[in-house]
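Laid out below as structure tokens are two forms of one and the same protein chain, each shown alone and named structure 1 and structure 2.
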Structure 1
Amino acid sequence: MATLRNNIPEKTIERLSEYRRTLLMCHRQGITHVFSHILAGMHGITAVQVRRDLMLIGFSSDTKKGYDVKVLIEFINDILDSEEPMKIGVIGMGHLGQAITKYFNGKGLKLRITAAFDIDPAKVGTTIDDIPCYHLDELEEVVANDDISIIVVSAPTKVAAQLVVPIINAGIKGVLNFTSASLNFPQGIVVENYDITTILEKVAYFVKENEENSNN
């Protein structure tokens, strides 16, 4: 069982999630062992980084065949997953919110989107991809009744800031924000601001730089 849970760097947590997805794919293909340099190559990093990450969480392997895929999956599960499935709500069921829900709930993780929230009368009271959609005014009640811990914000950017207080009042512990507005919450609420525009502009910048360098 894993023993090191505290003070794991954020980037290491991200890589552990990525390693697990790769290991699950390997497991489905019948691959029983994988070397650190193979795992590293599949993620565009060094074998030293893979070994450092796994050492940091207390995982070691003495086998000369590489890491046991099934054992390493279970070890990472113990680090990343809570004992009980964690429930998630989505605010904003436009195209992005529906896409997130449809994509995420098919992954078989110990995380499950169980409720959606919107203010559109055409959506409220309906079921979208098997997820009930409630009016935003019902946020506190539904969060309490369904024991929802995390909120995904995929509402229009112009209303994103107005959602901060309702989310705090509902007792949410974590927020994944997909709008381009950076949302700030009090200490104790974990927030990840995922600005697609900024990320795409970063990619575009490096594409531009590479093109300019190749032409020089």
Structure 2
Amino acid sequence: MATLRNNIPEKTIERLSEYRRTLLMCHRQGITHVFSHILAGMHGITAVQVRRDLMLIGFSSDTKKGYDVKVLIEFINDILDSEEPMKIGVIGMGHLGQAITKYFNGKGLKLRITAAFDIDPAKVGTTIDDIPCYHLDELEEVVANDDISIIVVSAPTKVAAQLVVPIINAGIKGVLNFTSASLNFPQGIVVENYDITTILEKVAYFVKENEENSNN
């Protein structure tokens, strides 16, 4: 199994996370089995894609009844989740940082935001949505004490580059960067640059393409 699970494509990992959320919703509604084409329909993809993803992780279904929802959830848990909940710190508690912490709080995920960092004296030392907010200077200490593995960067773009060295020094393993600055880290640190402008420009581009094609 360990061999099978290595080298799962990034896109499959994303879809497993999405399937799990849908399956949890099905489970809450008392649905015990789901066919691949139903799961596919709920995600706007093909049944072939769903079956390929689940084959990649070594999961097979009862073809008559479809996938067992509960078993599949546990199977995906086993792949995506660490044994211990992974802890997350958020740098920058403006609207975006607060949206993210609010979003995660009480969701029962295996990921948990345990600390926030800012430099605004009005925020430092307070608790925002049950998360203590520390001064950025305390990053290294808090990361060590709380055993934080992942940092979400929701600070203003213009200060993003200054955060790289403190994040490295704190021993962080993964970074989710929401700013418009593409951040580079040494190998061994997972980085996902996730800029909202880029995605919105992409949507706009394909809207424009559709319009041009329909005018031809």
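Here the structure is a predicted model, which means the values were calculated and not measured. C-alpha atoms forming the largest set that superposes within 1.5 Å between two forms make up the rigid core. Along the sequence of structure 1, residues get numbers from 1 upward.
Of the two copies shown, the first one, structure 1, is the form predicted on its own.
Once the rigid core is overlaid between structures 1 and 2, R21 does not reach a Cα shift of 2 Å, moving by less than that.
Core-superposed comparison between structures 1 and 2: E209 shows a Cα shift of 2.8 Å.
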